[in-house]
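The chain below stands alone, shown as structure tokens; this is the form predicted alone.
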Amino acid sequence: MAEQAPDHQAREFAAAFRSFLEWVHAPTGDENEVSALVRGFLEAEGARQSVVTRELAPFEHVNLQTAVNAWSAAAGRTVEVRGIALPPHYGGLTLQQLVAGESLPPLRLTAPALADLPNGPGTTLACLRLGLLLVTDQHGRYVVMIQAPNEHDPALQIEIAGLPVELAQGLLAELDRLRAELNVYRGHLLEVSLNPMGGVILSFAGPPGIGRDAVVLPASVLGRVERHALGVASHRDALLAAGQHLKRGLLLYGPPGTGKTHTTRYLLGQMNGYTRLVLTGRSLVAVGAVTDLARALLPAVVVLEDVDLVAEERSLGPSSSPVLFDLLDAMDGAAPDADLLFLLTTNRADLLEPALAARPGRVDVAVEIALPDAPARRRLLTLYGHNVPLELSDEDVDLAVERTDGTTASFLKELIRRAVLESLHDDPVLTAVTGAHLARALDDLLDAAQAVTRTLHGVGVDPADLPAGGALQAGPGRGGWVAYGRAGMPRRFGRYGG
């Protein structure tokens, strides 16, 4: 026998059903008032015209509203906006139904429902969720309906009734032009994510705030990265005059925790005026749609972080293919004279190399971001300790640099944090972080019991030992921690050195 629903669920259902019945049986006259408004507004000829519908990506909602606002303000055009209230849990309404006056749910006119959507860092715009625009201009009287994505339909829809098809298409083209001209995403830093239906969500991000002095890389490495990413922007016209392409691909590769993402953030902060789109994790499957957007908002940068994590992941849709293939197709689809940078990061260059080699020209430069050498580790300790009251002698720093051979930038950042905690353990008032505190923190991090912690900071991890997906293969050994590298030779991090 089926289980009965709890009493509170039964009461909630009864209340919702009663609300629905009240809505259905509420007196609205002989004709649905929303349909009556639409049919009464349209001229006789207009009511016989086809309804033209256009679907847009959900992230275009704020751009569509921006375009509609500008279009509505044109001289000689009046626009009245009316809202529509649907019955509870009802999904699906078309302008064709309103014009025909048939197959309609009980509808009511109401104040327009609005969604407050970001249209810039820290600013928002009120956007129609479901509304009618009653328009009068040189073309006569016609109706535009905007319907935002909802639980029943993930697409953004704009429909036009009352105009000949050619004029309706011309209106949609005019709105397309305004969406492109007034696009709120142009020139901003945007983080890409996916909604539960797999649709793209764009979020405005603040400036990274990373200066060149905060990027601790060998001068030759940083210079190579800057020339390829930033140099093209500086010499765009000269390159085009010389017949050289602007579209480019840059791959940053190396062990986890060495600063690939940090370097990427530095570059993004330097490329003001570029539309910068950052994809990572599951959002990488949207590379095709995001690249289309980038091409419309040139100059642009598309950042794909940790591409190896989805190198064998399959894209969305019935004709799915590996995401890496989608990426290569997207990179190939951009015009050579498009100032478009694809910036990829990976811990597993060996996974990408065969595909990139088989389709040359997508990535122009690959730069290794290696483990920091001794001078770099010294600079990193200074960088991460710049807000910390460090009281370290030259001997303290020399010993820390020696003992951290083979570690990552991420590890050194954690080392400074641990040293601050050691100081606070001795004195709740943070007055000084000494060599003793630094040594104790290092002893703890290099202890055999901290093997997993070191793994999380990329220490001792050979990218070649990472299977697709990034799982680590490492374990504790006698007297320290051992990570087995490419040739099967152990690398040991014991209490007294790297």
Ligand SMILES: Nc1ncnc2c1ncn2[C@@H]1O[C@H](COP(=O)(O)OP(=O)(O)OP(=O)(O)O)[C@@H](O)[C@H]1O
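Quantities reported herein were computed from a predicted structural model and do not represent experimental measurements. Numbering starts at 1 and runs along the sequence shown.
One more form of this protein should be noted, the form predicted together with the ligand, which is absent from this view; the next part is about it.
- Listed stretches are 399 to 407, 120 to 128, 256 to 264, 143 to 151; the contact stretch with the ligand in the predicted complex is 256 to 264, by a heavy atom cutoff of 4.5 Å.
- Shown without its partner, this chain lists 115, 240, 383, 388 as candidates; in the predicted complex, only 383 has a non-hydrogen atom within 4.5 angstroms of the ligand.
- Among 235, 295, 413, 186, the residue placing a heavy atom within 4.5 Å of the ligand in the predicted complex is 413.
- In the predicted complex, at least one heavy atom of residue 214 sits within 4.5 Å of a heavy atom of the ligand.
- When contacts are judged by a 4.5 Å heavy atom cut-off, residue 306 counts as touching the ligand in the predicted complex.
- Contact check for residue 347: a heavy atom falls within 4.5 Å of the ligand in the predicted complex.
- Shown here without the ligand, the chain has no residue in 55 to 74 lying with a heavy atom within 4.5 Å of that partner in the predicted complex.
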